[in-house]
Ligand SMILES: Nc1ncnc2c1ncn2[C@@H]1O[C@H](COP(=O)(O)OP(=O)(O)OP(=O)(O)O)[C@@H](O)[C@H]1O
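Single chain ahead, written as structure tokens, the form predicted on its own.
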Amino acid sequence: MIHISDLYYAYSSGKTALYDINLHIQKGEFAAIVGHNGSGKSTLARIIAGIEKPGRGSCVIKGIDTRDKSKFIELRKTAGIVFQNPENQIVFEKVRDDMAFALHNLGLAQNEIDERIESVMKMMKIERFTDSFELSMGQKQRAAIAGVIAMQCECIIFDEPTAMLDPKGKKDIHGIIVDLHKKGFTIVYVTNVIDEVLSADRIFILDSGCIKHEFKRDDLLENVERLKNFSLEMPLIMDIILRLKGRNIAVDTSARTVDELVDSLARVADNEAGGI
């Protein structure tokens, strides 16, 4: 669905931000792009969303070249972006008005706009959200995501969507993203928090403007040293799994959360107890 070839991008100052980017993401895939601050993650997210244009090379989403201005509306219907600060996406005082604004720009009839808003607000459980500026940061981010979903984009790019949230807000938003992937959305998740990418199908390490390595989630254990080499912290769940394996304790290496790991260990314990 997303095909980036030989992409190069420089800031107006002339400093190179991205170079030699070749990235191909399939429809329905959950791809995570990780890297420390200043690695070029947000710039790449904005290019994929069509906000910035490649200096050289190409970025094509579902056959749409993001540099083609005549395909702007078509691109907006295909790919949407959620920023780390939800306040950057809130324009109107009322949540419904804010969601309607983008839909009007797509040229939709009022009845379809109303239907989409009602459907998405129910799906996101934000029917009671009214005044945009009175919401918490977590609620604002939920509303921002709802606005993108209402556009019926097939692909959603998340640019560090939990960076400004408290622990509960981070967990809630991450849960929403995982659920969207299960519903069939293509997810591009940009972050510097490794713990947040354990639900991804593939993980790309971006460093100094270039993708240095990629691997599947199931291969994360084998790539721990690579993460450390790029100054990325190992996910807590991976640290626990490695410690357990070091003590020769059978463990489910596919566990994505501490809760899943505890459940798997409890099942093993129950089975062993039942066999006594």
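In this text, residue numbers run from 1 along the sequence as written. Computed from a predicted structure; not experimentally measured.
Omitted here: the form predicted together with this ligand. The next part is about that form.
Novice: Would you say all of F72, T78 and G107 touch this ligand in the predicted bound form, counting a heavy atom within 4.5 Å as a touch?
Specialist: Spot residues vs this ligand: no contact at all.
Novice: Heavy atom within 4.5 Å of this ligand in the predicted bound form: which of Q139, T162, Q89, N192?
Specialist: Comparing distances to this ligand in the predicted bound form, the residue within 4.5 Å is N192.
Novice: May I ask you to choose, among H36, K27, H213, K53, the residue with a heavy atom within 4.5 Å of this ligand in the predicted bound form?
Specialist: None of the others qualify; the residue that does is H36.
Novice: Tell me, yes or no, whether G40 is in contact with this ligand in the predicted bound form, where a contact means a heavy atom of each within 4.5 Å.
Specialist: Taking the distances in the predicted bound form, the answer for G40 is yes, it comes within 4.5 Å of this ligand.
Novice: For Q84, is any heavy atom within 4.5 Å of this ligand in the predicted bound form, or not?
Specialist: The answer is yes: Q84 has a heavy atom within 4.5 Å of this ligand.
Novice: Contact with this ligand in the predicted bound form for L23, defined as at least one heavy atom pair within 4.5 Å: yes or no?
Specialist: Judged by the heavy-atom cut-off of 4.5 Å, L23 is well away from this ligand in the predicted bound form.
Novice: Would you please decide whether A17 lies within 4.5 angstroms of this ligand in the predicted bound form, comparing each non-hydrogen atom pair?
Specialist: Answer yes; at least one heavy atom of A17 falls within 4.5 Å of this ligand in the predicted bound form.
Novice: Which of 41-49, 245-253, 231-239, 58-66 has heavy atoms within 4.5 Å of this ligand in the predicted bound form?
Specialist: Going through the listed ranges, the match is 41-49.
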